[in-house]
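For reference, the chain that follows is the form predicted on its own, supplied as structure tokens.
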């Protein structure tokens, strides 16, 4: 899909038989100068609702509703506009610029929406159906008449393409089946991406993992025929003032281990690698944007299976930092993998911020729903930073606070800590508090845990997201890192 900027109004862009004009109707404003078919829209029952579409084939115009000019609404509107064209013969779109009077960000959001909305995962389909749209012409004729700088607009479109492409790249990894994407393959994907973008990539295999005393990670992996990997990606430009560490849970499949999941809960467990996949996608975007900030991405790529060599409830494992962990449920495996990878990441890099991403708990989905990430940590300012930047990027996030009463539920009579709580309530928070046991004092106030269990993989289309993987975490972190770069400028 190609984007081009033009100073011509959309109606003056050269007409061909495959050309379509897209008009976003904002806040039910059918009187706006962009709306040329008011009577026909009313006749068709178009109510201007968010994401509602109406295609007037006889006029080659597609109308789509948006509640406001905010980036979130414009992104969803453009995504649903392009979805509405699946199966059509149109190949070229013309659209005006929809921005608020004081902010151009919704232009970037619109382009992201087109790319995210056109995404299809059809690797396993015998018939491939790609979105027909090849070219999108964006007119600098703005919703609120204003002069828009073409260079600035071009920069926003470039950033949107990189961010949305990285999100779709992440979606592809998550959607790939466990038979085709196991730890070695995940490491290969990271290495190939690093080669293409100029990142440094280091892969730790089992011998190196044992040398690093990453015994909890190795315990989770040992019943699988696929050996584990720890991936370390590095973006290190010259003269950077901030260092950021990202850690991702990459469970390429999670059967639950000996604490076996029920059959219907095992379906979609290919999505348990969403946190690690997001880290790889974020690193791709950072490299292509060439952000002036040092970023390290660590991924623990592991498969949790059953067998004679499986780790067991009642085992006591020793993590990399020396803490002992009583195992009471082998389906609480992601936190064991993250425990060692967090320790390794802090050993390798002293960072200004430490963020981990994981589809860690069903309790997060119970707490905040399918569409929202839960943000935890010891520093409310860091939590707020993540929540604010997530919302600006179009992702939903909310903070969940730690408390000392819930922390008591992960205490153990025979070890330093237990891998699950003694209570079934507050499970997202107790999982975060478990992880905090593996964050050292230097990073304690710099760390945020991001539980993406809700939005990472949903079995129906929503917003700008298709069935399946959403790429949760990519846009929020790219936006956050861009904000940190501006603070240093």
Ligand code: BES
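Since we're looking at a predicted model, the values are computed, not measured. Residue numbers count along the first chain shown, from 1.
Just so you know, the form predicted together with the ligand exists too; it's not on screen, but the next bit is about it.
Contact with the ligand in the model of the complex, defined as a heavy atom within 4.5 Å, holds for exactly one of 283, 360, 231, 354, namely 360. Note on the partner interface in the model of the complex: the residue among 429, 420, 26, 448 having a heavy atom within 4.5 angstroms of the ligand is 420. Residue 453 belongs to the set of residues with a heavy atom inside 4.5 Å of the ligand in the model of the complex. Although the partner is absent here, residue 261 sits close enough that one of its heavy atoms falls within 4.5 Å of the ligand in the model of the complex. Although the partner is absent here, residue 118 sits far enough away that none of its heavy atoms falls within 4.5 Å of the ligand in the model of the complex. Among heavy atoms of residue 269, some come within 4.5 Å of the ligand in the model of the complex.
Checking 189-197, 236-244, 360-368, 160-168 against the ligand in the model of the complex, the stretch whose residues place heavy atoms within 4.5 Å of it is 360-368. Contacts to the ligand in the model of the complex (heavy atom within 4.5 Å) from stretch 304-331: 329, 331.
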